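Quick heads-up: it's one chain on its own, the form predicted alone, in structure tokens.
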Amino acid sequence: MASISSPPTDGFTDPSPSFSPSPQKPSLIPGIAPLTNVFSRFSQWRKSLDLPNPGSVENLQKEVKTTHLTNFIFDGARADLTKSLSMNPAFQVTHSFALGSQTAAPSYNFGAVFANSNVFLQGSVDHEGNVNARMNQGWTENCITKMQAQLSSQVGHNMIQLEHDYQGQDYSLNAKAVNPWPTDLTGIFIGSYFQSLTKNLAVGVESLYQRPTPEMAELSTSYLAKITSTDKNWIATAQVQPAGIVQATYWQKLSEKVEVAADLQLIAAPARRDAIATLGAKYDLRMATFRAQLDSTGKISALLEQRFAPTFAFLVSGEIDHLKNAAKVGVGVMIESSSLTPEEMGMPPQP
């Protein structure tokens, strides 16, 4: 048998085999390195500015809406009975009754809410079989996917809305699709971007694309601005919509218990020229909340929510329309009950 001997290397032998390097393919990283460096420097510069998140476009006028009565006023009689079945995860059911309203027929609504750290589920059904559902899925702290659905026995009242919201360090992105149909790409599509320019000023844009039929499409864009004081005690917003519609709001916190808000809407369309101004105030007392509102159409409204106990509240609302010589009055109760012990609800044990 012949033996294979390695050539001498000055008296030393290398036991490891030797390989000739194979030619490598050119990398693409050096080609994009200038772009990545510019992006990295730009990100570091934005981070050094320490700009706050401006909030979402949907909540642009959140403080004004919670001060005014638009989302709280009612007439007739109503009752909301809520029972908490679990605290972690949160699970509760609600029975709502309404009757005697001048604008709506008597109704009954059953609702349920389930929520944990990542998921929020809400559903309701009324006496006519109309179903409303809502789901929020939080992937991260700043990334949330939302879905809303409405099923109705009336033709044309069914709706599904898909939404994704992302909150960056100094900006917000949102995309919505209402009744999308993938085969012919019909539906309503909304996209918005809100960016903080300084610690007190933020600007944004919102585009609405409507395609009810494959042959018909329309695109409109709104422009938004928001100014916030350094101490967060007042907020001013402005929104310019297509067709000559301008809306401006101002909210100020006068004290820990008093908030005021003003809303001005201007319409300068070819077929209509109008302006509506609304002024409202909210007072938070120890066991009550009082809201009052006055607008330029001659309406004066007020709402009192009096809590006699943490689980029982009594509501009284009223509205007077001086121009139409009409008035509305509403009364309601909110009752909450729970089968949980104080310890299960997170309350300190009673001595």
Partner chain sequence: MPSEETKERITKVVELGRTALHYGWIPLIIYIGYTRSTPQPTLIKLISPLA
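Only a predicted model underlies this, so the values are computations on that prediction, with no experimental measurement involved. Positions refer to the first chain, counted from 1.
Beyond what is shown, the protein has a form predicted together with the partner chain; the following relates to that form.
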Judged by heavy atoms and a 4.5 Å cut-off, are Ser56, Gln167 and Ala175 together in contact with the partner chain in the model of the complex? no
Could you work out which of His127, Lys257, Lys199, His95 is the residue within 4.5 angstroms of the partner chain in the model of the complex, going by heavy atoms? His95
Looking at Tyr209, Tyr193, Phe114, Trp139, which has any heavy atom no more than 4.5 Å from the partner chain in the model of the complex? Phe114
Contact between Val131 and the partner chain in the model of the complex at 4.5 Å, heavy atoms? yes
Can you tell me if Ser153 lies within 4.5 angstroms of the partner chain in the model of the complex, counting non-hydrogen atoms only? yes
Is Pro270 close enough to touch the partner chain in the model of the complex, meaning at least one heavy atom pair within 4.5 Å? no
Contact with the partner chain in the model of the complex for Tyr223, defined as at least one heavy atom pair within 4.5 Å: yes or no? no
Based on heavy atom distances of at most 4.5 Å to the partner chain in the model of the complex, which listed stretch, 69-77, 249-257, 276-284, 153-161, is the contact stretch? 153-161
Can you list, in sequence order, the residues from 161-196 that come within 4.5 Å of the partner chain in the model of the complex, counting heavy atoms only? Trp181, Pro182, Thr183
